[in-house]
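Only one chain comes next, encoded as structure tokens, the form predicted alone.
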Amino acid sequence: MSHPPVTDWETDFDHTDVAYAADPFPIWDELRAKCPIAHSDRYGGVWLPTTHEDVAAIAYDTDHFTSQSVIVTEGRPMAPAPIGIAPPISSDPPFHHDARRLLLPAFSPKAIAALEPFTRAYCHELLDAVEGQTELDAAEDYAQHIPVRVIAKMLGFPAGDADQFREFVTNTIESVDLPVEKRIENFGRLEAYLRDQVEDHIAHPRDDLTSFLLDARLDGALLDEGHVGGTIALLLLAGIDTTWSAIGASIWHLARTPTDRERLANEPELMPFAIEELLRAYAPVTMARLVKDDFEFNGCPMKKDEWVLLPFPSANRDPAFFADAGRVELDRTENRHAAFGLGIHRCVGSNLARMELQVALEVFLERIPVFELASGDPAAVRWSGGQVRGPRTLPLRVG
């Protein structure tokens, strides 16, 4: 389904528009100044708050907004609240609390630290494959592979299925403008794949996250099949798309900002602060909510079942909340960014994402300390559209 290009961002925006994907920052800046909560009739009605204050208020408000579905499409949720199709991200209180708490041990600092040697070794393996080249694509040759392999290891899925995982990401998260029936068909393929993996784990239990979920209990009962499959789908899709986008965007920034690249390479103690700043400046994720019932928010007459996008990247660039919000400062120390969301749905995998991003940058800078964009043409870097933004092509000149 091809949508007409946007000509008025205040009244007819589209977050999948190529201009929005390529460079949303001036769009957000203009809207914050003129129309801080934009509206569009596309997708059956959708709102776009752009200030940190409004994004946070909606993210924390579970009385007026449901998380039953977090991806804006032409359709509406197939799974009922409060569980939703991909718990806990699609779940509302009070169910959400226990569904989220189930996952915390698997994403604790200790559990993630145990994955760091594997992640580091794999990053080196990826760069071994391109060693000696004068050009490489940091998105296709590097960033997109790291979270795929890590999440496959966590879930106990075959590493050789990586191409399928990336296809699932494209079909589910990025191709939101497809007709509803096509999206249902695509999701059916994901469900069939996950069903096969779950059945294999039931027949052959092992020490991984899938078997953990199959053995987990809520209120004394095993999780039902839909809960297990939905949570695995969430971990597989969100754990891949968001992190490879953050890795790619960070390398893109360093490639076009040699002073930051050199500083980070020469001052490794700066890395923890730099990670937070790169996450703030290039946060990849925009979540969505649905309006529960007709409701007026800050003068905006929101209608039941309209979408509300929560652009956390725009909140992170709000000058009313961050000093020099549009400037990347690698040594920024006060940095309460919203890259991992706000409210009850703050990303349960934030420890994993931070680890993968830091390791990916450390290894890249160690192996390839000098690099730049291979082309002066901005179109050479292709950014994904939709609710997760990151470079899908990132050609670099190295050495």
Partner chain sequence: MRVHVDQEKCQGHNRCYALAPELFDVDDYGTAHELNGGQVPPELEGKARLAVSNCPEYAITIDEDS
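Computed from a predicted model, the values in this text were never measured in an experiment. Positions refer to the first chain, counted from 1.
Another form, the form predicted in complex with its partner chain, is not on view; read the next lines as being about it.
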Q) Does the 4.5 Å heavy atom contact test between Thr170 and its partner chain in the model of the complex come out positive? A) no
Q.
Considering non-hydrogen atoms and a 4.5 Å limit, does its partner chain approach Ala192 in the model of the complex?
A. no
Q.
Quick check on Gln164: any heavy atom within 4.5 Å of its partner chain in the model of the complex?
A. no
Q: Would you check, heavy atoms only and a 4.5 Å threshold, whether His337 touches its partner chain in the model of the complex?
A: yes
Q | Contact residue in the model of the complex, chosen from Gly160, Pro109, Pro94, Pro80 - any heavy atom within 4.5 Å of its partner chain | A | Pro109
Q: Counting non-hydrogen atoms within 4.5 angstroms of its partner chain in the model of the complex, say which of Ile27, Leu330, Leu342, Met355 makes the cut.
A: Leu342
Q: Assess the spot marked by Tyr60, Arg100 and Phe273: is its partner chain within 4.5 Å of a heavy atom from every one of these residues in the model of the complex?
A: yes
Q) Okay, which stretch from 273 to 281, 298 to 306, 236 to 244, 200 to 208 lines its partner chain in the model of the complex, with non-hydrogen atoms inside 4.5 Å? A) 273 to 281
